[in-house]
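In the form predicted on its own, a lone chain appears below as structure tokens.
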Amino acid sequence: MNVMSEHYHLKGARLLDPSTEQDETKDLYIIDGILHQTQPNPLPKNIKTLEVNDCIICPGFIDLAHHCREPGYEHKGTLATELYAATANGFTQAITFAHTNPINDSAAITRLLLEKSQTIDTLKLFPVGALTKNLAGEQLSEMASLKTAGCIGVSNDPFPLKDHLTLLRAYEYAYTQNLLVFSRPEDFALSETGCAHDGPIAARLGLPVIPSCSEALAVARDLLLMKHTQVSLHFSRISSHESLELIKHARNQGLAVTCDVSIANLLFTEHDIEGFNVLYHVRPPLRGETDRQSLLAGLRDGTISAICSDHQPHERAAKMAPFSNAEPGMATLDGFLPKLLKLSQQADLPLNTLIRALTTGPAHCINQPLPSLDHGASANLTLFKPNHKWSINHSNQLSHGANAPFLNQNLLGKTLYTFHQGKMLYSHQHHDSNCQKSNGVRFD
């Protein structure tokens, strides 16, 4: 990992900090891993000055759905490759779920993940353990041991539970351990065999469907169980208008429930699966334009607290099956930031709202300290240039995912530097000069 001098002078950037509502152009200093908004006296002799005019500095991004694939699926991506791809897009913290091989339903796997992430000196990783043993939905996992080992929450993602009694007992157990439950809501009976949104495109293509009511029914069920057990609940990757209305109503009634949305459901709709395009086979499925507009409205009004990458790298063979049989998921990290910046302009989504959904919003969801640029804060930050023109190709792609949707597109906006606790985890200069050594997948 690229680590430069520990002292920096970031000169002339626009500071955007949702935690303090700061929006001004001024210099920022990193001294011994701590932020200074006024020039220290004396300045360290070895301080490095970075001219960053026309750039934006904001707190480091937090990803609430990042699928690292390790252990067990290293042919899809490793902790080293996928977490580095995350830092190159401004992330300094990330959630990783239990669907590995072996599944993270034990303290040993949790410790393995944390120890491995620390050895590669990357962003801060938050493991989410399995809600049930082997994610099978039958026996409860050892949640107390998972928490002691370092899990911040539990989830059965990507498998919905069909047994409501088991789900109730799991929520009761999670409550006693003060563990956050991450629910990716699906009604098992309505979603088990589906692969596409219940709309005109799936009907014409003859694809089995996952109706939006499958998600809404599960949201309603989980909200009732949350109220009954008082467990802390976060909905991961909400995709439908009906679900948002239920969550909004619950929040108005005083339930402290939170939710996020994936970048795929903000950018794409069911029309993108035309021609059985397996690249857009994701779960939850891409829904209609009405749902997409509701998700954008949910970001504007605060119903949705966070935007996640839902980064799921796959090898090429995983997407070469017929649409229904191809593995769902999209490798979204390469190009993540420029696509969101473009969406901000096209969808009347204020930049401050976008940054909040990547920083303070997700921190609130997982009960972590709010990231900040305030004087004296730890130097966890992202520096990006909104008008930087570039494109992603096979030589500079960082993720191992062969299912990246933004390859060979003209992009506007690029992360230049990412810092975590004062260390420079990513520098565009270092990466651009070494792109031939990139971890990206080659297709030729």
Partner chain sequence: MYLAAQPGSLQLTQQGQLKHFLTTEGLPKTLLTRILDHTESFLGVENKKVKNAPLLRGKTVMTLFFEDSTRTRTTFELAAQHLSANVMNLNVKHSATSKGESLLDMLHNLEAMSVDMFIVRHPESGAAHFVAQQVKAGVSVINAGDGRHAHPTQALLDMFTIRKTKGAFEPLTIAIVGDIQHSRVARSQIHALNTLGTGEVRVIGPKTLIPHALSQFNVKLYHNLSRGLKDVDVIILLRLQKERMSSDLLPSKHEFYQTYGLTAEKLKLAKPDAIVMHPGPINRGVEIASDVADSDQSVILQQVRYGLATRMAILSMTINTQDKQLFSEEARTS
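Numbering follows the first chain given and starts at 1. Quick caveat: nothing in here was measured; it's all calculated off a predicted structure.
One more form of this protein, predicted in complex with its partner chain, exists but is not displayed; see below.
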| property | result |
| --- | --- |
| Among the candidates Ala203, Leu165, Ala108, Ala256, the residue which, in the predicted complex, approaches its partner chain to within 4.5 Å (heavy atoms) | Ala203 |
| Sole residue of His99, Lys319, Lys147, His234 within 4.5 Å of its partner chain in the predicted complex, by heavy atom | Lys319 |
| Partner proximity in the predicted complex: Phe188 to its partner chain, non-hydrogen atom cutoff 4.5 Å | no |
| Interface membership of Asp348, its partner chain in the predicted complex, 4.5 Å heavy atom rule | no |
| Its partner chain contact in the predicted complex: Leu279, any heavy atom under 4.5 Å | yes |
| Close approach of Gly275 to its partner chain in the predicted complex, 4.5 Å, heavy atom | yes |
| Location of its partner chain contact in the predicted complex, chosen stretch of 289 to 297, 267 to 275, 332 to 340, 174 to 182 [non-hydrogen atom, 4.5 Å] | 267 to 275 |
| Within 186 to 200, the residues that have a heavy atom no more than 4.5 Å from its partner chain in the predicted complex | Asp198, Gly199, Pro200 |
